[in-house]
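Given next, in structure tokens, is a single chain: the form predicted on its own.
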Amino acid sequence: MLTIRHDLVDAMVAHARRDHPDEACGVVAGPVGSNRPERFIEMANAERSTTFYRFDAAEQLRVWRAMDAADEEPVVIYHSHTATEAYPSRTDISYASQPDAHYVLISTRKPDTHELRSYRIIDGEVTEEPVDVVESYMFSHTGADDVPDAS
């Protein structure tokens, strides 16, 4: 399951809308091993295409080095589809190289709504996963009974 803050979802969707009709792409970094997306990193689509995205190699190297220096990793790798549903294409699957990342797709094919879905892509196998959008990570992993009583 991907648990992600609402503000990060809003940032990904805004980027996808802004770049439409071209596909948008980027990363949400988080502390190594945490599976907690925290830092939104908008990247340029080097292809500037309505049907394909590719990170610019120099920009990707800078971003990945900055994540390494900050003890972060790509928790979410996102991009948009502008005319199709939010499902990975064959090209998306073939380029998926981060087995621990959540691959988030945002469809902007409808002007007034968006579709956001998340996948794990490992060795070419695609598995859709639930997305839990939260306001804060503070109690997102606990139930109502786990919140301390106000006394």
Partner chain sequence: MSVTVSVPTILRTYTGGEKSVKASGSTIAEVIEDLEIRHSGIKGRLVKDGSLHRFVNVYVNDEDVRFVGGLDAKVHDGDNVTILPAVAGGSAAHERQTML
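Residue numbers count along the first chain shown, from 1. All values derive from a computational prediction rather than experimental measurement.
Just so it is clear, the following notes concern the form predicted together with its partner chain, a form of the same protein that is not shown.
Though the partner is left out of this view, Asp68 does reach within 4.5 Å of its partner chain in the predicted complex, counting heavy atoms only. A residue is said to contact a partner when one of its heavy atoms sits within 4.5 Å of a partner heavy atom; Ile77 meets this definition for its partner chain in the predicted complex. Not displayed here, its partner chain is kept clear of Glu42 by more than 4.5 Å at the level of heavy atoms in the predicted complex.
Among residues of the shown chain, Ser94 is one whose heavy atoms approach its partner chain to within 4.5 Å in the predicted complex. Shown without its partner, the chain has Glu47, Ser49, Thr50, Thr51, Phe52, Tyr53 in segment 25 to 53 as residues with a non-hydrogen atom within 4.5 angstroms of its partner chain in the predicted complex.
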